[in-house]
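Only one chain is given next, in structure tokens, and it is the form predicted on its own.
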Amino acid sequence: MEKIIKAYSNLMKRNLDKPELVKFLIKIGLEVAKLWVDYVGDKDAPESLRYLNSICFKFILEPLRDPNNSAFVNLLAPTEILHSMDIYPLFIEAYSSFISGFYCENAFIDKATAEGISDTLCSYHKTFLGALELSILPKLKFAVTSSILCDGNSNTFRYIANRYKIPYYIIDIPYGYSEESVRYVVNQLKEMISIVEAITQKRFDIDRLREIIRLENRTKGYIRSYLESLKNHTMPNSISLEMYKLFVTHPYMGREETFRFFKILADDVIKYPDSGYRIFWIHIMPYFSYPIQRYLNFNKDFKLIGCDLNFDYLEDMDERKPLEAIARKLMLNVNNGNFKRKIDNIKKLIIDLKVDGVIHFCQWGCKQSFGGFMLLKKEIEKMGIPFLAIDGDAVDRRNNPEEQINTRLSAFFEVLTERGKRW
């Protein structure tokens, strides 16, 4: 399979001067991949994870199939509003990940830097902007982002909007929480809605948004049930599938497919007894890293129990006041505000999920992942939990020192086995 993908990658790279052809090849490649996961896939994986694999391909394909009814978003954009208006979000981090899955990220990144994009920018953004510079990125109707977590988003989205001459909106999320700041964000959401209505000629229906939030609350009920079951069960998992959960815990929250996934997941987890060492991951994952795959993909001895990004806001939302609820969700996300909020959330998850070891990935170009990890490391080591920090790149394979990662992982897991289970 890898040889086929690389051959397909070479075909795309040889035709970068023919953007419409490459755009077509990306779409067809994803269509074929979806058929493969639907009808072949990994038959040994739990039902919920097979379904997750399928819907993530569906989600990435929707805006590529219908760009005139789609919008660029980031991981932490208020996509509930888009779902209520039947607009497809294309979140840029996912697009870059799939380009990396095609082994094309190097060509896209090189194009971006050749056009003046800083090499120190996160590779998710460089890959995405490379697709823009190569005229491979589809032109969607508008773009929406927020100021949470990633300080590169505002510039990247402004760059896209200016090049494609499309409207964009950047939602400024206050650092601190107050009722005044809620009103500030609500006013921005209303302004954003007005822009979306004008560009799409669609009418915003607040009752439809209430339905989306109602379904999101029901979905979170299953997430909390899943978390409760994880205390005494460990189900098969992989770094790719854990990353896929970012689709359903963020931009596609409020969709029927997301609700169904977590419902199946909550049923699946109780089928598996607790076994092996429980490993908790912090930040994003280099899904293509062979040493990490070897230790964490469906490993019976070392179980990938979860990733902190998938548990950053699990509270129910007030459907009676949906815009205020979305504003609170954005502001109270643990990745917004004082870094201590993120630390406290991770510490709680470590205790609740009886974690034996923590791995933190420091993504190339991500100031957030580099800026606070020493504070986090100190707090986790106080708990007596082994902590490993890995430097690398979750998109650009050239920035992933495989031998070094393998050596550090080997030493880390040796420490775990020597000390035995923590809980």
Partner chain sequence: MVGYVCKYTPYLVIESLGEKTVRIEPKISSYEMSNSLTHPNICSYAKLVLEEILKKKTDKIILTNCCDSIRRLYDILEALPFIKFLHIIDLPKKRDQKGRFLFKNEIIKLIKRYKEFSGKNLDIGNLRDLLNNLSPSIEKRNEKLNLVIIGGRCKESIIEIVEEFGGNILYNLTCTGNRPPYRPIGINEDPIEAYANILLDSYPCMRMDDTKERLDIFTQDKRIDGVIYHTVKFCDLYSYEYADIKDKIDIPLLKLETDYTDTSEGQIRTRVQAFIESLKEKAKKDIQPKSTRKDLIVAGIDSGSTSTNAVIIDANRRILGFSIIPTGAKSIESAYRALEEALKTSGIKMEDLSYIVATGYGRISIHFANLEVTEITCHAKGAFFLNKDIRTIIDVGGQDSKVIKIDKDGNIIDFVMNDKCSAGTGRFLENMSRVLEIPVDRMGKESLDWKEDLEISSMCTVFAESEVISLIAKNKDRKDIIRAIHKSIVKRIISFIERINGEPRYIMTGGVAKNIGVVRCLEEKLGEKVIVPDEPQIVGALGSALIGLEKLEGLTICV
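In this text, all values refer to a predicted model and were calculated from it rather than measured experimentally. Residue numbers count along the first chain shown, from 1.
Below: the form predicted together with the partner chain, not depicted.
This chain is displayed without the partner chain, yet in the model of the complex the stretch 183-191 from 227-235, 277-285, 183-191, 79-87 comes within 4.5 Å of it by heavy atoms. Contact check for residue 164: every heavy atom lies farther than 4.5 Å from the partner chain in the model of the complex. By the criterion of a heavy atom within 4.5 Å, residue 169 is counted among the residues contacting the partner chain in the model of the complex. For the chain shown alone, residue 114 is a contact residue for the partner chain in the model of the complex, at least one non-hydrogen atom being within 4.5 angstroms. Using a 4.5 angstroms threshold between heavy atoms, residue 298 stays clear of the partner chain in the model of the complex. Only one of 350, 149, 241, 323 lies close to the partner chain in the model of the complex, with a heavy atom inside 4.5 Å, and it is 149.
Contact with the partner chain in the model of the complex, defined as a heavy atom within 4.5 Å, holds for exactly one of 135, 310, 118, 217, namely 118. Taking the partner chain as positioned in the model of the complex, the residues of 335-355 that bring a heavy atom within 4.5 Å of it are, in sequence order, 337, 338, 339, 340.
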